[in-house]
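Take a look at this single chain, the form predicted on its own, given in structure tokens.
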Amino acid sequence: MGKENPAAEKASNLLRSRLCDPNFVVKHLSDSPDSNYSKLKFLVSSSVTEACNNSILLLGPRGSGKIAVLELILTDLLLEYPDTISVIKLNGLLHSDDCCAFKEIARQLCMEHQLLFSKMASFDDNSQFMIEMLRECGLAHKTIIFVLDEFDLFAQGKQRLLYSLLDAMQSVTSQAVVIGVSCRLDADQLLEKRVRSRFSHRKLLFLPPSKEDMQRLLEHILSLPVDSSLPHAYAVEFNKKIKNILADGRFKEIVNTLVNLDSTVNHLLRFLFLAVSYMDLESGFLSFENFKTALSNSHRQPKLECIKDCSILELYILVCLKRLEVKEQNSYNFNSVMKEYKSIHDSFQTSDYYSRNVCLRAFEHLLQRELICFTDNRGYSQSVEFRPVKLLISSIELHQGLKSYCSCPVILLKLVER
């Protein structure tokens, strides 16, 4: 075993610490005045300084950085206005029940203002306490920021929490900001009319980064600082190799594949963490192979694993089903598959030809593995042979599965590639 490079170990730790720090990524994406960070910070800080009430929704897919941006803004504001901000955090997965939500708000308000919290307080007591605290904080020029994660779950049921909060904010004496966070883009449409009329209808949409932003982000994360404790020559050489990898067409294909699977920043960071973990500490540099290995291991492909465990006959049936799809047959069943299977045998004189009963058992085995399924659940009285089925794997997955299959007949690969 080769000797490890101490500079490489230090570089690997630095890169991994960056990838585990959401602030490092968010700050880079928040440089622009048009970024969601700038817009949200301006809205919340103006609500604090101008003593006005506001409500806003942060919408976007999971892993797009909504909470990371919000946490960074709240940290900045708490440092900037330490005595004029209180933050109350609720999560729809834990507090979607109105009684539970009001109790949690009362608990956090009591903890924030060093008051005695009563576990025995009723729903009405906690609701009234929240309204009175909003009034008292407003008179003291203190803003309460309510963060409602999984906002769409609060919009279920009678929505008493949302109504009480937004209704209390209509008063000139209260001073609060309600920030809802949801992965549902139609979250505001779930609100009742009485709640919607009190909501300010501000929304920020968190989209996956563009290709240009992705390229800049990759370089920002993976480049080493040349003026740090790392050897200068090593850092310069490392950065040069990273630029060469990022400019490589093969690497761009890997990024495109990654983005097609999941285009969120979170997914990209997990992929990069894997690549850095595979870095050769002896040479001390990241290579294209590290990223290639990380891509193959960053997501499980259960369908491909199932194909690897299939018999040769089952592979023939899958190829027959794919050919029927290509021929645009609207509906097909086991009998249709057998006709296609016979036509392949007659055309190419293959040695892999089995009896109908054996084929039926292989067909049922594919149903159990969920590589194929019945198109509807209404044909319980029908025999398996006559019930219409559909294929549950794509052409790409089938092709990859056949290529990785050790003893796959060449004819099957040719049939799929046609």
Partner chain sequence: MPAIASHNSIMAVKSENAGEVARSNGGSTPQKRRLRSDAAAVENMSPISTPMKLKPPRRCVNSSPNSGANGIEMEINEKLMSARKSPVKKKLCDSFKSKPNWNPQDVEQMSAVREALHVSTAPSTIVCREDEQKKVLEFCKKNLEEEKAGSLYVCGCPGTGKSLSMEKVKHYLVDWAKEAGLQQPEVFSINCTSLTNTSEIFSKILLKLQPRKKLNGSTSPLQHLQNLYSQKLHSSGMKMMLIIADELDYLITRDRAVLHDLFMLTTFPFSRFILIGIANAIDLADRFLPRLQSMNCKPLVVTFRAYSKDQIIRILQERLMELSYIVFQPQALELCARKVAAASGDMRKALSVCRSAIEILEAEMRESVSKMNSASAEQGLFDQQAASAFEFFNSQVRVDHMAVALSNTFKSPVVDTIKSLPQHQQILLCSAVKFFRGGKKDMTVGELNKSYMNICKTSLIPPVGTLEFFSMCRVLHDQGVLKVGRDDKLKRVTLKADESDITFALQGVRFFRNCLQ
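The term rigid core refers to the maximal set of C-alpha atoms that superpose within 1.5 Å between the two forms. Positions refer to the first chain, counted from 1. Treat the numbers as computed from the prediction; the structure is a model and nothing was measured.
Form predicted together with the partner chain: not shown, discussed below.
A.B. asks: Though only this chain appears here, would N260 touch the partner chain in the model of the complex if you measure heavy atom gaps against 4.5 Å?
C.D. replies: Yes.
A.B. asks: When the contact criterion is heavy atoms within 4.5 Å, does V48 count as touching the partner chain in the model of the complex?
C.D. replies: Result yes; V48 sits at the interface with the partner chain in the model of the complex.
A.B. asks: Evaluate Q114 for contact with the partner chain in the model of the complex, applying a 4.5 angstroms cut-off between non-hydrogen atoms, and reply yes or no.
C.D. replies: Judged by the heavy-atom cut-off of 4.5 Å, Q114 is well away from the partner chain in the model of the complex.
A.B. asks: Report yes if any heavy atom of C373 sits within 4.5 Å of a heavy atom of the partner chain in the model of the complex; otherwise report no.
C.D. replies: No, C373 is distant from the partner.
A.B. asks: Indicate whether the candidate residues D124, L185 and R202 are all in contact with the partner chain in the model of the complex, with contact defined as any heavy atom within 4.5 Å.
C.D. replies: Checking in the model of the complex: D124, L185 and R202 are all within 4.5 Å of the partner chain.
A.B. asks: Using a 4.5 Å heavy atom cut-off, which residue among I144, M169, L272, I105 comes into contact with the partner chain in the model of the complex?
C.D. replies: Only one listed residue qualifies here, and that residue is M169.
A.B. asks: Among 211 to 219, 233 to 241, 193 to 201, 247 to 255, which stretch has residues with heavy atoms no more than 4.5 Å from the partner chain in the model of the complex?
C.D. replies: Flagged stretch: 193 to 201.
A.B. asks: Which residues, if any, of 264 to 284 lie within 4.5 Å of the partner chain in the model of the complex when only heavy atoms count?
C.D. replies: Nothing in this stretch is in contact.
A.B. asks: Would the C-alpha of I67 be classed as shifted by 2 Å or more between the shown form and the other one after rigid-core alignment?
C.D. replies: No.
A.B. asks: At a 2 Å cut-off on C-alpha positions, does Q189 qualify as shifted between the shown form and the other one after fitting the rigid core?
C.D. replies: False for Q189: its C-alpha shift is below 2 Å.
A.B. asks: C-alpha of V44: shift of 2 angstroms or more between the shown form and the other one, rigid core aligned?
C.D. replies: No.
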